[in-house]
Ligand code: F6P
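A single chain, nothing else alongside it, follows as structure tokens in the form predicted on its own.
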Amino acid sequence: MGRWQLAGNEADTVSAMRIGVLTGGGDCPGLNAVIRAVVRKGVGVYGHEFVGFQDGWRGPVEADVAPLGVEQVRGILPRGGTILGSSRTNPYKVEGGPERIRATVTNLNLDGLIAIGGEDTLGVAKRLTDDGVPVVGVPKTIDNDLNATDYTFGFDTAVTIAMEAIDRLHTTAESHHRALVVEVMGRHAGWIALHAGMAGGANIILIPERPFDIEQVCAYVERRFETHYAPIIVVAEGATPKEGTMTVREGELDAFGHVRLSGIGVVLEEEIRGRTGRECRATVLGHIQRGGTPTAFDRVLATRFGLHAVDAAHDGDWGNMVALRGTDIVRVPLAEATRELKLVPLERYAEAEVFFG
């Protein structure tokens, strides 16, 4: 598509590229670190040129672009969120969406795209690659549920924020002799609940992978009070009760077909109070987990992902995603990354169960 030659000595001439960059899905600490690394290495090492698409896949669908050079990425490393904006736009649910993206890529003389996002964003990237739009993926999700990578940036920040909240809630729970429910993010996977709950010393952890028995939860609560301590229950937003044990509400669907969850923390508060007679309050951390400055771990991981993503684009290795394996950054097919979610193994959950009650 848009390859051009840098001026200079013909023997030293390299093939430069024009690449579009976008961030899709929920915002996440570390997104700006990826963007910064892509641009700094892409411009400084390879001499490539970049454009930024606004608000996820909406940007290339509507050809909404902004300059993206070294000047635009200065000072963004510690900033949360994303300077490019984000959305949950699904171009395959927009009339003519894929065709409009192809037209944008052609009209802007782009060689390809770097898409930074989670399961939904990278699922679109996989389909677009199959449809002839070159894309390199960068895994992003605070839920840590993307397959083919050991960790995703944003997860460590979310866990740290949740852990600090649990630490603070311990003192008010003890002071008022009440049970406290802490709802954290995790629609399909309970990684945040598991790690934050273990790190914060929670007495009960409930995750989507293991439907819970409300009677057992209440028994744990009573046992904790019998020892003159107040229980902390950490629950992932997607956790569900065993069939027939209690009623939960369902919400409407978003553009990717996901149910907007209706607040399992509040439901648990009501159930525990009604079944045990104990005072119980729910705290929903929600988007607090997404906001603010990323941890050192997430800044470094996001930076490394960005560096390797621009390498993949430079090599023309489209249709792949960068991933963390051990301490190495590798490339894996987008198909592998989006084939299935990475769920909490039951043996990991069993480790946490030792501390329940």
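Just count from 1 along the sequence shown to find any residue number. What you are looking at is a predicted structure, and each value in this text was computed from that prediction instead of being measured.
This next part talks about the form predicted in complex with this ligand, which is not shown.
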Segment that reaches this ligand in the predicted bound form - one of 148-156, 210-218, 70-78, 181-189, heavy atoms within 4.5 Å: 181-189
4.5 angstroms heavy atom contact with this ligand in the predicted bound form for H287: yes
In the predicted bound form, E237 touching this ligand (heavy atom, 4.5 Å): yes
This ligand contact at N203 in the predicted bound form, heavy atom, 4.5 Å: no
Proximity of H170 to this ligand in the predicted bound form, heavy atoms at 4.5 Å: no
Sole residue of R88, R278, R127, R281 within 4.5 Å of this ligand in the predicted bound form, by heavy atom: R88
Residues from 122-159 in contact with this ligand (non-hydrogen atom within 4.5 Å) in the predicted bound form: T141, I142, D143
